[in-house]
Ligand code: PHE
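The chain below stands alone, shown as structure tokens; this is the form predicted on its own.
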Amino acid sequence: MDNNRPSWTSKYAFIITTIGSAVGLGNIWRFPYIMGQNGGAIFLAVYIILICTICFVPLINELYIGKLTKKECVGAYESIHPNLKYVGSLNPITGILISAFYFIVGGWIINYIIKSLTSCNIANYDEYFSLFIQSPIYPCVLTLVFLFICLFVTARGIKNGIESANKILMPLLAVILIFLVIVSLRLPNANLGLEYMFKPDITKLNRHMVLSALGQAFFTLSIGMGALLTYGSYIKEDKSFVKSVYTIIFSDTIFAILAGIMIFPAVFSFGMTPNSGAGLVFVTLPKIFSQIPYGNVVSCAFFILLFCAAVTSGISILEGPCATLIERFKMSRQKACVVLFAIISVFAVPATLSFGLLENCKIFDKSIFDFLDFLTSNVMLPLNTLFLCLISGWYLRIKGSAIINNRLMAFLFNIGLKYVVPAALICLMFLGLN
């Protein structure tokens, strides 16, 4: 074992950092619009059931493999079997490809923070957003700025960078989110949004919605991109982490629900549709902010909230490939971050331009941005998780009793690891490819 390998300074540091990995744009940006497109309350009910039953299995498994091997993704798989290093290499590659489109949204957030701070009045938010993302230079600059910010934190290491950032940003995120929830609940007809969120319509329950909820749960928990495996490798050998997993899942779910309470009452209060898709945050909500008292203040608070969420998740996405460069290629952390900046930029700049100059450049009839999103969310994340579950359950034959003290939970872990989760992931990939 490498005695110089970094480790978490405390249990709190591990929990707050892993929550930061889970609570990101997946909760604040993606969850509300996915929920809006899939029936509201019934989606939320299915999502909570899935994240509390199925998702704890791959979450515990990925952290455990990291703790067991004390290596980054490629080395962890290689220590199980030399030929598995090629499978392990898919994890840092997935992290790099996710960064390429995820950080574009981070750039958009920076733009909206600037607009809010300068009290810029926008007459038509649909037109403004469309023209902004089609611009050939400004969005690219902002994407690279956001990438630099996340890499700057990563370059400072575990204690002074990742831990410190999460200890500051996560409480700030929680305070701003609660403030915005209160603002939203005080709007006229806010009860209509709450009914949409908490009054299930069973007729909207279908297979596609269930698998969408499962996909969202995996995405928001950062499962399958190597971040959790890398974070798990920093857990001290004598420390148990299972109870922390329940805290992480609970916190992630609460943040997602609060994000919905923040958004849907506002949407219904102004008679707008909850199923407006990815533009819900960048088009629909700014329209609402412009119509309420102190709208610029609320808008600025909201996009700072998004920024905090994006950074905490962004640094976790980067830590997997960063650790691989450090340990496999014997780079310093700072040099690894410089290399990552160059690699990610190669993918991120064309993806940013896919809304404008490169809009006619299609991969399987998808823009570069949409293709990266599709490839990672629908193929690579579930595939990586599937591989690790099969390797752990059938090759290593990991037993839940070796990780979890509770006999029932250990039994459910065993069944989930070998049968339930692999079957769910295969269905998820089949749906995503059709």
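Here the structure is a predicted model, which is why all the values come from computation and not from measurement. In case it trips you up, residue 1 is the first one in the sequence shown, and so on.
We do not show the form predicted together with the ligand, though everything after this point is about it.
Looking in the model of the complex, any heavy atom of Phe132 within 4.5 Å of the ligand? Judged by the heavy-atom cut-off of 4.5 Å, Phe132 is well away from the ligand in the model of the complex.
Check Ser313 for me: does it contact the ligand in the model of the complex (non-hydrogen atoms, 4.5 angstroms)? Flag for Ser313 set to yes.
Even though the partner isn't displayed, in the model of the complex is Phe219 close enough to the ligand, meaning a heavy atom within 4.5 Å? Yes, Phe219 is a contact residue.
Can you check whether Phe146 is within 4.5 Å of the ligand in the model of the complex, heavy atom basis? No, no contact at 4.5 Å.
Just one of Gly26, Gly66, Pro382, Pro58 has a heavy atom within 4.5 Å of the ligand in the model of the complex. Which one? Checking each option against the ligand in the model of the complex, the one that comes within 4.5 Å is Gly26.
Only one of Phe303, Phe264, Tyr102, Tyr77 comes within 4.5 Å of the ligand in the model of the complex by heavy atoms, so just point that one out. Contact with the ligand in the model of the complex is made by Tyr102 alone.
Among 191 to 199, 341 to 349, 359 to 367, 314 to 322, which stretch has residues with heavy atoms no more than 4.5 Å from the ligand in the model of the complex? Of the stretches listed, the one contacting the partner is 314 to 322.
Using a 4.5 Å cut-off on any heavy atom, which residues of 226 to 246 would contact the ligand in the model of the complex? Contacting residue: only Ala227.
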